[in-house]
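Alright, two takes on the same chain below, each alone as structure tokens: structure 1 and structure 2.
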Structure 1
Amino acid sequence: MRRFSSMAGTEQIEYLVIGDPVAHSRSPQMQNAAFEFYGMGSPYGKLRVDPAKIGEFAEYARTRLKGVNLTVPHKQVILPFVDELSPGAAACRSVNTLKIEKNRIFGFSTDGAGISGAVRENFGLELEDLHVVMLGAGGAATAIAFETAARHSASLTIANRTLEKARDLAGRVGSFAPGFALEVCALDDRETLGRALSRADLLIQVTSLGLKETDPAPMDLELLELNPKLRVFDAVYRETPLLRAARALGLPAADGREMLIWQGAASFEIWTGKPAPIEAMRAGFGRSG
């Protein structure tokens, strides 16, 4: 316990983002900008937590913290230590936000709010009625898939390297939203993916490809030429080969920045009950350090 409090920094820290690694996280700048907006100081820090120590961390958080954000690889391993899950977090079996009240740990997923906010902010669209193609079937993809179902998108095609994982995700979303038009394919299935992209309104890239400069594109980029009305969202927070190719074709394209801001905004509202000061959070996110 002592170990966590000394690693977390000062005694004023009441909120933490944890991950492994976590050094790159901009959540402290963004969340502290929101707390400062309301004159609540800068109570938010970051801490690297070894996934093997997550139980020990949960017990520390239970008595010492008010809120936690979780990033890779903690979003699932925390589940056994959460006392109560929100319906959204229970559906996607993933939490990125903990709220602690009277020593009880409540778990939420704000990744869905993140994608909805990003699509609204970047493209001026709601997910409702959109034909969506999503690349990836991991943790973040799971939250996005449930959000498209909950927001009544017109259809969702899930393309993943491992087809079985796409099938499993589609099965879970289908049970949650019977009648929702779902389709799966492999990332390299040009025919199915091409057909889905031809009629899609929105492509969401949420594989881990693109995090590294040397990563290949997640799909055949020539398929982007099939649909001049496509919008392209890449959850990676950098200019990826996919985004470069989309922009070269004149397609509206956006990186993952707004998704991070809107999911952080939803966490702030869960903790404080106050409307998130989006502009302050966006400015904080862009600040270095």
Structure 2
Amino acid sequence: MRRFSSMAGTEQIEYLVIGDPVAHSRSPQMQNAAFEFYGMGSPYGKLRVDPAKIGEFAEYARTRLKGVNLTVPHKQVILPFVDELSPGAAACRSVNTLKIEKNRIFGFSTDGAGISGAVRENFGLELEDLHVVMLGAGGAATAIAFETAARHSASLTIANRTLEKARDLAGRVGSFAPGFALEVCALDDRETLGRALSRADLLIQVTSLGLKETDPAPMDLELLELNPKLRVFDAVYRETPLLRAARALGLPAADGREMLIWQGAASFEIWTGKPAPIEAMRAGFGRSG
């Protein structure tokens, strides 16, 4: 307990984003801008938590915190320590937001709201009727997959390094939305992925590749040439090899900042019951850390 308290910083910290890694996160600048908008100070910090210590962290959070955001790799490993899940989080079995009240932990998933807001802000589109290709099958990808089904996208292709994980996700989404058009493939399956991309309206990259400057691209970038109408969204909020390649081809492309802002706005409203000040949060995102 003391170790987490010391690592989290001052007594004024009541909200945290946790991950491993987490140093890159801009959630504190963004969320503190929202709290400051309402005259509530700057109570939000960030903390690296080893996945093996997630149970210990949950016990710390019960008595010391009011809210938590979770990023890679904690969105699913936290589930055994959550007392109650929202319907959306229960459906997708992924949590990126915790609210703590009276020593009880309530889990929510706002990544779906994040991708819907990002697609709207960046491309002027809604997910309805879009053919979507998604790279990745982790916690954020899970929430996004369920969001595409709930928003009645035309189809979803899930490409993942581990094919079995993609199949498992597709099976859960298919049970949630019978009749939803789903396909899976491996990231290195050029034939299947290329066919999906050639008819896609939107490519969503939600693997962790791109967080580091030295990370390789998550797919064969030559496949982007198959569709001049493709929009490319990378959930990493920096210039990645995928985004550079897309922009070189003249494809509409966007990084993950709007997704972070809109999922963070939903988290802020869950914690405080106040309307999220989107423009203040957008300005806060640009602050130096």
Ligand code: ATR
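By convention here, residues take numbers in order along the sequence of structure 1, the first being 1. These figures come from a predicted structure and were not determined experimentally.
Between the two displayed forms of this chain, it is structure 2 that matches the form predicted on its own. Hinge annotation between structures 1 and 2, restricted to L156, A159, L260, T240, points to L260 (rigid-part boundary).
Between-form comparison between structures 1 and 2 treats the chain as two rigid units and finds the smaller unit turned 13° relative to the larger, from C-alpha superpositions.
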